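In the form predicted on its own, a lone chain appears below as C-alpha cells.
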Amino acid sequence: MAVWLAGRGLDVVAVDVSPAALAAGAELVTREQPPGRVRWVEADLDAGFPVEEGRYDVVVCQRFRDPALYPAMAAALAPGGLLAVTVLSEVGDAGGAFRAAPGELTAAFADLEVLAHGEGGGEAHLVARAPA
C-alpha cells in the first residue's frame, strides 16, 4: 500500500512491526518510486498508534484490530482526510477474540462520514472521511 500511495504522489509514513517487511517495502519503493516519498517506521501497534506531528490526509490500517486505537486513528486525520480500515469480523465467521463485532467499525467511527462499509465472510471494512 505504501508503494502504491507514493506512486500517486503522496508522502507516506509506513508502519510495521516487522523489520523484514519494512526492508522489503523499502527495496520495492527504491525500485519503483522517486526517493523520499516513504518513511519507514518500525512500531508495534500493540503499544499504541504512532502519532507524529501534524495530521494525515490518508490513514490505512489493514488486518490489525484494537478498538482502543480507533479514537487515535480518527484524530490523526486532517480535515477531509480519508480513513480505510479492514479487520477480521465475526460476521460470516465463527467469531473469536480478534474479530470485530457486527457494526463495530461504523459505531467506532460514527463522527466520520462513512463512504463505504461492508461486513461478511469473516471480514469488515470501512472507508470514511473526516469532517472538512
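Residue numbers run from 1 along the displayed sequence. Given the structure is predicted, the values throughout are model-derived calculations rather than measurements.
Keep in mind that the form predicted together with a small molecule is missing from the display, and what follows is about it.
Contact with the small molecule in the predicted complex, defined as a heavy atom within 4.5 Å, holds for exactly one of 17, 13, 23, 10, namely 17.
Stretch 62 to 70 is the answer when you ask which of 90 to 98, 62 to 70, 76 to 84, 103 to 111 has residues with heavy atoms within 4.5 Å of the small molecule in the predicted complex. The shortest heavy atom separation between residue 27 and the small molecule in the predicted complex exceeds 4.5 Å. The small molecule is not drawn, but in the predicted complex it has no heavy atom within 4.5 Å of residue 58. At the 4.5 Å threshold, heavy atoms of residue 44 reach the small molecule in the predicted complex.
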